[in-house]
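To begin, one chain is listed below as structure tokens, in the form predicted alone.
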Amino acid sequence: MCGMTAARSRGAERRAEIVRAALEVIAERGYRGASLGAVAERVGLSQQGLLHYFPTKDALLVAVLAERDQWDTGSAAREGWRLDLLASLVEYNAMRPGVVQTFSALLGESVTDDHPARDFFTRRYAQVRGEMAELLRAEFGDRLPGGLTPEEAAPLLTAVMDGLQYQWLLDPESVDMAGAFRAFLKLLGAR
């Protein structure tokens, strides 16, 4: 029994190592330019060995995206989102441009009909809009100071966060992502 647990643990560690390597390769080459062979090489496996852990490139991509979201939402998911936590997330993202670049590139690529991450991002944004509406309702009640409902403002809040990421990635010297997001929170009327 103990041997099975140790084997599972090693397998989970190996999967995590592969996901981190895939994130790096995708950040460097984009999803379409990233190959399973490049990821396998980075972790010291054959491509066949990698397929033991992730049977397809699409399965690996979804694991990368899920892991990235887990990094971002770990404590907030347990405690519940607040506007100050969102501001902290934006500040945190400013410290890891490679992860933000990978996410943004994959998001951009996923708008095509045949992209394997399209369903992931579609589900993710529906969930994020719902979470943002709950957050705004907890902060402001049924109406924000400007008169919008939380459901009307949630897509705008999400768009500001993602839009700032793109602008910051393109010109980090000119765009203070965290500062601009804090300014947006003031526009919302946040305390």
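Numbers follow the displayed sequence, beginning with 1. Keep in mind the model is a prediction, meaning the values are calculated, not measured.
We do not show the form predicted in complex with another copy of the chain, though everything after this point is about it.
Here the marked residues V39, Y53 and Q70 all miss another copy of the chain in the predicted bound form; none has a heavy atom within 4.5 angstroms. Partner contacts here mean any heavy atom within 4.5 Å of another copy of the chain in the predicted bound form, and among 162 to 170, 44 to 52, 134 to 142, 61 to 69 they occur only in 162 to 170. Looking at L187, you'd find a heavy atom of it within 4.5 angstroms of another copy of the chain in the predicted bound form. Remark: T112 counts among the residues lining another copy of the chain in the predicted bound form, judged by a heavy atom distance of 4.5 Å or less. Put simply, F121 is close to another copy of the chain in the predicted bound form: some heavy atom of it is within 4.5 Å. Another copy of the chain is not drawn, but in the predicted bound form it has no heavy atom within 4.5 Å of N93.
Residues from 81 to 112 that approach another copy of the chain in the predicted bound form with a non-hydrogen atom closer than or equal to 4.5 Å are Q101, S104, A105, L107, G108, S110, V111, T112, in the order they occur in the chain.
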